[in-house]
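Below you will find one chain, with nothing else, as structure tokens; this is the form predicted alone, and questions on how it binds or moves follow later.
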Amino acid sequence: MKDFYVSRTGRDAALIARGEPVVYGEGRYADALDEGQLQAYERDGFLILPGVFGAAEIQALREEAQALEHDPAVREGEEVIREPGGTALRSIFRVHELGRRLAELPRDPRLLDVARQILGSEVYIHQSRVNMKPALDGKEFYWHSDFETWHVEDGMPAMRALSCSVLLTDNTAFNGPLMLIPGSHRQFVACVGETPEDHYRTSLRRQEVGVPDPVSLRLLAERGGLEAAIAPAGSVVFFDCNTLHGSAGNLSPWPRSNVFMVYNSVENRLQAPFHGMKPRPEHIAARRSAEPLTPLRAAA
């Protein structure tokens, strides 16, 4: 397969124009977002929807996430990522297969139909996780495009995936909310450096390879600005796989947690990783579990 988005091959940094749509099939595959919302997503590369889930629903999800966080078997599993330089939990992967309510969440039509509408096809879960930022010292996530990593390290062919973040706690200006660069999804940032073997073992704690260079980052930020996804618990953020995003540390005395689910089109299943790398583990990049999701309303 020809690599249209060459990155991390010893080359200089570069901006490569996006070759795929942002909203596929003009948003006609499903009916979830209105025309204004679709246009905002296509323009900015993300959409913040407040009040998608009620307080009781979020409380149940939060309790299940906390139960996983304190489950000894989960804490010792390969799905757990710890904070850099510490033992506090940073992320738990594969949560859609570890919890009951979290297993149902990707199939909730309030989320699934948005993904189907934007991606113009049936979808499956490429990756899921709970991201946690402990109070007072939860560490940052540096600026990056998810697609750059999924393309280079997982063999994701095209920009036909999106992330869905369900806010389990209020995301405020003080606890390290998601930050995004509007319009950055239109340019692929080819990154410098080469990928170390088993890069995921360190990059999921602190990513230093596969991040945009300062010049490209500054150019895109000056062009599009910065926006923080400040919203109450129960809100949902959808963002394109190539939108540059990151988050600062949590210096507040309150923890922050969100559920991330990555929807990928069934027409964009993973190929062999580029440049001869071995595939990352299934809980980080699904290959075997790539069947279309069935909406809860249609479940027998």
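The first residue of the sequence shown is number 1, and the count goes up from there. For clarity, every value in this text was computed on a predicted model and none was experimentally measured.
This protein has a second form, the form predicted together with another copy of the chain, left out of what is shown; the following refers to that one.
- Put simply, E78 is far from another copy of the chain in the predicted complex: not one heavy atom of it is within 4.5 Å.
- By the criterion of a heavy atom within 4.5 Å, N242 is excluded from the residues contacting another copy of the chain in the predicted complex.
- Proximity of A88 to another copy of the chain in the predicted complex falls outside the 4.5 Å heavy atom cutoff.
- Among residues of the shown chain, V74 is not one whose heavy atoms approach another copy of the chain to within 4.5 Å in the predicted complex.
- The candidate site formed by V23, R43 and D146 is entirely out of contact with another copy of the chain in the predicted complex, as no residue has a non-hydrogen atom within 4.5 angstroms of it.
- The stretch among 25-33, 249-257, 231-239, 54-62 whose residues place heavy atoms within 4.5 Å of another copy of the chain in the predicted complex is 249-257.
- Only one of E227, E122, E83, D108 comes within 4.5 Å of another copy of the chain in the predicted complex through a heavy atom, and that residue is E227.
- F141 is the sole member of F141, F93, W150, F188 with a non-hydrogen atom lying within 4.5 angstroms of another copy of the chain in the predicted complex.
- Looking at 158-187, the residues that come within 4.5 Å of another copy of the chain in the predicted complex, counting any heavy atom, are F174, M179.
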